[in-house]
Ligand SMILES: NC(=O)c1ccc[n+]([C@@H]2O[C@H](COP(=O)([O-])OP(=O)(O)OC[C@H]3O[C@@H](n4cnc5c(N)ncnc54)[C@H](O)[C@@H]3O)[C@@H](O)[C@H]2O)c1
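Coming up is one lone chain in structure tokens, specifically the form predicted alone.
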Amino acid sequence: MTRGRPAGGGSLVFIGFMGAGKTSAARVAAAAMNVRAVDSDELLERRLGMPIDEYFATHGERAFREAEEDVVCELLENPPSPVISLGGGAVSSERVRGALASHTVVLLEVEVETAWRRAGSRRPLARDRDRFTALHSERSGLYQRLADAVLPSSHRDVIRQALPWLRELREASGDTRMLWATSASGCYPVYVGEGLVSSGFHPVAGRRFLVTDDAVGELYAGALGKVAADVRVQPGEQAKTLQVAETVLRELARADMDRDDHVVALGGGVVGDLAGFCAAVYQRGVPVAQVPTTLVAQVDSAYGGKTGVDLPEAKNYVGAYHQPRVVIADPATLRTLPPRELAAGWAEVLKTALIAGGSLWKRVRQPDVGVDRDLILACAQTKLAAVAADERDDGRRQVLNLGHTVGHAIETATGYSRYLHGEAVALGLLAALTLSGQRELREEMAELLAARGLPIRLDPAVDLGQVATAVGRDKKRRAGQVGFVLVDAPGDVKVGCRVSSDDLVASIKELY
């Protein structure tokens, strides 16, 4: 994703694979804007004087693509409408891709099974299942690179909900991309772009009540503009307690916050969890805008609505599901992170890549890979897909706990003071791969972690028995049993796996 979007954003142009619902989505958006949508395929058929499949059969794909290119470029260079939908293969033309730079491009994602079912045999390229699947995979990366916004569904409610936030995107810097997060309890936009924080981009109306820590507040609080209250906590996991939450809640009450206002959680995972929890319980729920400033938060914790605080007995034992109103992730804030904090975030990057497999896993294995907007987007999309399928950890979302069962236990056993969260997760990933029987993958993971300055050995002073006991109190246990997340291969992760106490102890011992 290297293209930039000019001020104003041009037309909304819907792209995506066959069966994604681009035409329907454009019509819904156009109706909401009180304009007429234009579909390139419909215009092309009028120009050709026959249906596309008939022209394809009689003239061949090359002739069809040439005709399509002319029609689409004419539409994009002199748009007759602020809402346009394109045929699935139109973006294969370099000339079309160049013309898209003047517009706000909205990708409608569709899984291959759904696309095959919707497309039917009437489409020329939807008659051979293997070719169809290969084409879906081939075009996926291209769509992602072109998209300014990615929506997971063409359902009319999603389009209506997302439309105001797409308009806000058009006012953001050209580098900014938007993802649309869905869950059973609510949907929200995720904006990722360089300079969003310093530019003051904040598309949520109403009074802002800032919650941040002392270090982050000094750097970025001023960029938020006027806030009704500025509540500061100490940096670090020690701030994630019920006592600190009570202090924050009382500060919000003293500042006269009400349900038309919203909390702004500016900081890393600790601030996001704490402020999100306070927003979830204050007056039984007020909105929260997550503005993550650490790598851990930008690739993982800011999304999905899990909020909470720790108890001395176990991590994240008190909490609530409370989806944010918006997430604003600015990679520029990562440049002010201490090296140790930045390194800790790589544990979550590697965990996410191991879950996703494919291109993301391939990317993070490269020795020179760095943090940028596209890496953050890829990690966020992996997490958002899991949350969309399972908001409350009853199934698919549990894959995100990979490495966290032992990792959280290490944090608990060391009083939340010896290891940063990402450092503990790094050790937990190694334990999970040992339990998975993945010796070679464990060795590679250890090399990747060590290359980022993350620990691959547990401090000998840490008591093994305390770690094992803390595992047994993991908050996800059911009927007294802890289900582990294990790995068969990158991209092939299993949840709810039973592990014997002997195997657990052996996997922890191996960390020393």
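All residue numbers are counted from 1 along the displayed sequence. Everything numeric in this text was worked out from a predicted model, so none of it was measured.
Keep in mind the form predicted together with the ligand is missing from the figure; the text below concerns it.
Checked against the ligand in the model of the complex, the candidates Ser301, Gln381, Ser153, Gln398 yield a single residue with a heavy atom inside 4.5 Å, and that residue is Ser301. Taking His136, Arg170, Lys306, His202 one by one, only a single residue has any non-hydrogen atom within 4.5 Å of the ligand in the model of the complex, and it is Lys306. When contacts are judged by a 4.5 Å heavy atom cut-off, Glu237 counts as touching the ligand in the model of the complex. At the 4.5 Å threshold, heavy atoms of Gly268 reach the ligand in the model of the complex.
At least one heavy atom of Thr336 is located within 4.5 Å of the ligand in the model of the complex.
By the criterion of a heavy atom within 4.5 Å, Ala255 is excluded from the residues contacting the ligand in the model of the complex.
The candidate site formed by Asp273, Lys315 and Glu348 is fully in contact with the ligand in the model of the complex, as each residue has a non-hydrogen atom within 4.5 angstroms of it.
Residues with any non-hydrogen atom within 4.5 angstroms of the ligand in the model of the complex fall in just one of 224-232, 370-378, 109-117, 291-299: 291-299. Residues from 204-236 that approach the ligand in the model of the complex with a non-hydrogen atom closer than or equal to 4.5 Å are Asp213, Ala215, Val216, Leu219, Tyr220, Pro235, Gly236, in the order they occur in the chain.
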